[in-house]
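Just one chain follows, in the form predicted on its own, and it is written as structure tokens.
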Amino acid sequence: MLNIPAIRWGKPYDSLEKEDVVHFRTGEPIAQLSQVGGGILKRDMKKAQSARDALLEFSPAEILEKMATAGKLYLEADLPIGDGSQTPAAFVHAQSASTGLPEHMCRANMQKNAFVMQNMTQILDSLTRGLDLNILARGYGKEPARDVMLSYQAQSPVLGAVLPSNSPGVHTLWLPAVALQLGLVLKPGGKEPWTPYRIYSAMVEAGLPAEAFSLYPGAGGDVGSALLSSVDRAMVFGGQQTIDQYAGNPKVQPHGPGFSKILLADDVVDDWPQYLDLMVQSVFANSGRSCINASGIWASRHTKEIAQAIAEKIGPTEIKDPTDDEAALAAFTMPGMAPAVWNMIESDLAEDGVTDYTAPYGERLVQMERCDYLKPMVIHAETPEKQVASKEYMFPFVSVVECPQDQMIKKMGYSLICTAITGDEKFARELVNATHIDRLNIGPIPTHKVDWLQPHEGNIIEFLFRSRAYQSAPVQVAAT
């Protein structure tokens, strides 16, 4: 069994207090993970500037080259972890075993993280709008094409992140920090330490300085809170309560439910069958666990037929072993979580005008000895005012909502991703102007198809750097 220490600026720290990382079905320990307290993290943050200084010893071009190498190592190499090592296959097996995510989905998320590392040059070129990265490293410099002085000030020497256990795909969001020459301070998820540790190992093996990285496993209420209060720029992943808690805090970028939607406009809705597969995949991909999965499909008519058709596709889905390449459902590994979600859904189903189109396909809640499952659900809501129309859960769950097109934008609420299938230019323009939509797709684009050359929940450059004025003039030194 692996013993995984904390990492304090590149140095392993084997704590006396440890927690077992266990197999979600058998309870068998897979690894022991050192646990650290918030006090240790707070003391270590006094050396945060050293992390950035270590990365600044390299040019941006050198960092990007090493990150591309790290992406290849992450995907293909046998890498050190704790007192052992881990092949890619062993990594996938361990991640699936502790999180309940099917192995083929773990492999897909692995590809996603590797892609971002290997294509970081193009990603940053897009996110910075072609800015010379040496200007970010130095803090100022002239834009050659216009001979204009630019200055960007890093708002923190490190980026902190309180990471989740439920979706390995979110790690792509903090990866650019290293390429921008900011250190990383991570609190791994208790059930999913595998990704941050493997990325750290790959980056060090590729030649990036170990002293630029810290990983602090521990209780979220302690070490997570300490992280968020000790660094000047951090990400946190959680539910709506987390989003509300950190709303308006310029130092913290919270990531939570996406409430992503598909809108079938009046000019295409009569042809809805040709978009059925797109709708199904947007709901069903990655076991519905991602904020980029569709949790709402809105149309002015044909909504009952749409709900029926989607239910016929995903309602019969059965639970399979996570090693099976046909496994489509991820387990709920936290005790009591799936029954609590089911109770909330049952409450919403009791409202008039709400219909469960997956009811004919058997019980949705399946409880096991050490984990639970929720099978896919397709709910029809006669109006946007129904409570279920604004819900999102961590499994394939979608509300098909009947709503006139001229009320959709007003009533749909926040959407991380909105796919509007329409050729109506006026409607498309209204969607462009809607400030409660983050990523906007016009046309038949699945919600989970993400273009990494575009910002996601805000531009990380604008979060980490501040544009400011900078002027200089020669100083005349008197002769002695």
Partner chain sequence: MASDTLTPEVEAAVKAAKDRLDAHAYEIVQWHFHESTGCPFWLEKKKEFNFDPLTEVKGYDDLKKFPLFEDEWLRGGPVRRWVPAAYQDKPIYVFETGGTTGIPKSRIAIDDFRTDYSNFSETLPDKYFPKGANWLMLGPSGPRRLRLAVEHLAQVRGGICFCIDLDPRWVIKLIKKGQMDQLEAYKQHCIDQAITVLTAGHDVKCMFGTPKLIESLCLGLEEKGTTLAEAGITGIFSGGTEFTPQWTRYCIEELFGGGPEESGIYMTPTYGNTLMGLACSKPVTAEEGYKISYYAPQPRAVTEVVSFDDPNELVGFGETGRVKLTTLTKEFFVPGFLERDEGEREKPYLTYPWEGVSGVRPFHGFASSTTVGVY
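Positions refer to the first chain, counted from 1. These numbers come from a predicted model, not from an experiment.
The discussion below concerns the form predicted together with its partner chain, not included here.
Using heavy atoms only and a 4.5 Å cut-off, determine which of 19, 14, 457, 462 is in contact with its partner chain in the model of the complex. The residue from 19, 14, 457, 462 that makes the contact is 14.
Contact residue in the model of the complex, chosen from 323, 225, 407, 240 - any heavy atom within 4.5 Å of its partner chain: Only one listed residue qualifies here, and that residue is 225.
Just one of 55-63, 428-436, 36-44, 411-419 has heavy atoms within 4.5 Å of its partner chain in the model of the complex; which? Going through the listed ranges, the match is 36-44.
Determine whether any heavy atom of residue 245 comes within 4.5 Å of a heavy atom of its partner chain in the model of the complex, and answer yes or no. Looking in the model of the complex, residue contacts with its partner chain include residue 245, since a heavy atom lies within 4.5 Å.
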